[in-house]
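Next up: a single chain in structure tokens, the form predicted on its own.
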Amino acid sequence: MEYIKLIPHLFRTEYSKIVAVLGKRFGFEQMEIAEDIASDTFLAAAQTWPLDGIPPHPVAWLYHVAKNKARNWMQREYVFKHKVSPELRVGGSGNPASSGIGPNEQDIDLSAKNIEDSQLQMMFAICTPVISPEAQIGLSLRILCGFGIEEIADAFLSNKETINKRLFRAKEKLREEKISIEMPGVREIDERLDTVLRTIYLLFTEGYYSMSQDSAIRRELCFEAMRLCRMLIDHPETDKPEVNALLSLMCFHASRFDARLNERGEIVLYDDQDTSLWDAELIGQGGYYLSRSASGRRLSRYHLEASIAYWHCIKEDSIEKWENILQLYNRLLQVEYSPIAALNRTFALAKTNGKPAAITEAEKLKLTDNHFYYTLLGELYTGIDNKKAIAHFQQALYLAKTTTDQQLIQQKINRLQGV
């Protein structure tokens, strides 16, 4: 029964690679064909592996099947274009070309090098200004990351119908504008890089805290985001300070994976984490990329968030630590305001100025549709007004989407109620 876990895992890591290579080969005109071939490949695995067993090299098996399906499709297209279509045009007469893959057709290249090149080119081709930023990110999540429509809808706080329409219109626009899948010039790379980084950041965020299924951490998504970011760093024209800052941020967060969950798979809050479980190697990598990010003149949100994540990897719970975090949040809100960043700032404020000051700031945010808001208020009121704390935790429980969140909040209510 190992295939039940293996196939979804491989879908996350390999689907996007197959789509990128085939999509580059076929172009945006036939992107759906690339997606269909990749999906059919995993369908074949789901049908075959339970009967024949998991092959010795599952990834190689998937690539072999995808190549064969792609070749079969190209051969059918060639036959139709060079034999059937001419026959139809001339009423059955004429001298049509022979069937089979044409002499100029090349093999489908699913080598590691071509996969990386194809994904990099696809990232920047999708992030063209001819479609909206929302469409750019949505298509990237779909084509490059293998996100389902519902997952994309969750990421945008939207619904599946809206996302389907957005992606359909975006693909039509890319076809109309005849956008080619290749690396743009240096100037265009700089213009599109921010959207590429936002997409990678969204992918990591969905893995670090999943809102679309009952799983607190989806590590494969986080590591895929880190792989894509490393791919940018390995390319001379995209090895920018903000790219290094984003990878630094992800390394610091990933270093605490093992401490974020207990043996039952439940979230462990920062103050309760076993710091001996933090990954020193990933913390070191985060520091390395943070140092590399300091070479530029522009201070991006990723620089500030990486610096905040760095201080969270300092084990000592000192005033200096939390004052640094608070000041970094203050700067982050000036560079790029977000309600979640403002909410997180209040936690640091509680550490430096006390809970009453943090309560005042938190209640100003009025994030009444966000369970994190009520969870934080519950934490802040605990020990000050436990009745209010319970009320806030109960509202958080009502709004929470995942089982892990609900379990954590219920435990806090039970503790305050003496259950």
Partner chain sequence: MDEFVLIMRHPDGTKVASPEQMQIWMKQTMDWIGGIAAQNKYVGGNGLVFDDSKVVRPKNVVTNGPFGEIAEAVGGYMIVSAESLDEAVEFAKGCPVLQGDGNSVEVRKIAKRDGIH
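Positions refer to the first chain, counted from 1. The structure displayed is predicted, hence computed values, not measured ones.
As for the form predicted in complex with the partner chain, it is not shown, yet the points below apply to it.
> Would Gln75 count as a contact of the partner chain in the predicted bound form, using a 4.5 angstroms cut-off between non-hydrogen atoms?
Replying inline: No, Gln75 stays farther than 4.5 Å from the partner chain in the predicted bound form.
> Does the partner chain get within 4.5 angstroms of any non-hydrogen atom of Ile314 in the predicted bound form?
Replying inline: It does not: once the partner chain is placed as it appears in the predicted bound form, Ile314 has no heavy atom within 4.5 Å of it.
> Does the partner chain get within 4.5 angstroms of any non-hydrogen atom of Thr48 in the predicted bound form?
Replying inline: Close contact is absent here: in the predicted bound form, Thr48 is far from the partner chain, nothing within 4.5 Å, heavy atoms only.
> Do Gln327 and the partner chain share at least one heavy atom pair within 4.5 Å in the predicted bound form?
Replying inline: Contact check for Gln327: yes, within 4.5 Å of the partner chain in the predicted bound form.
>> For the interface check, one of 218 to 226, 268 to 276, 171 to 179, 319 to 327 should have non-hydrogen atoms within 4.5 Å of the partner chain in the predicted bound form; which one?
In response: The contacting stretch here is 319 to 327.
> Of the residues Asn68, Thr352, Asn386, Asn370, which one places a heavy atom within 4.5 Å of the partner chain in the predicted bound form?
Replying inline: The option sitting close enough to the partner is Thr352.
> Looking at Leu333, Ala259, Val79, Ile149, which is the one with a non-hydrogen atom within 4.5 Å of the partner chain in the predicted bound form?
Replying inline: None of the others qualify; the residue that does is Leu333.
>> Check for me: heavy atom within 4.5 Å of the partner chain in the predicted bound form, for each of Arg345, Glu361 and Lys364, yes or no.
In response: Contact check passed for all of Arg345, Glu361 and Lys364.
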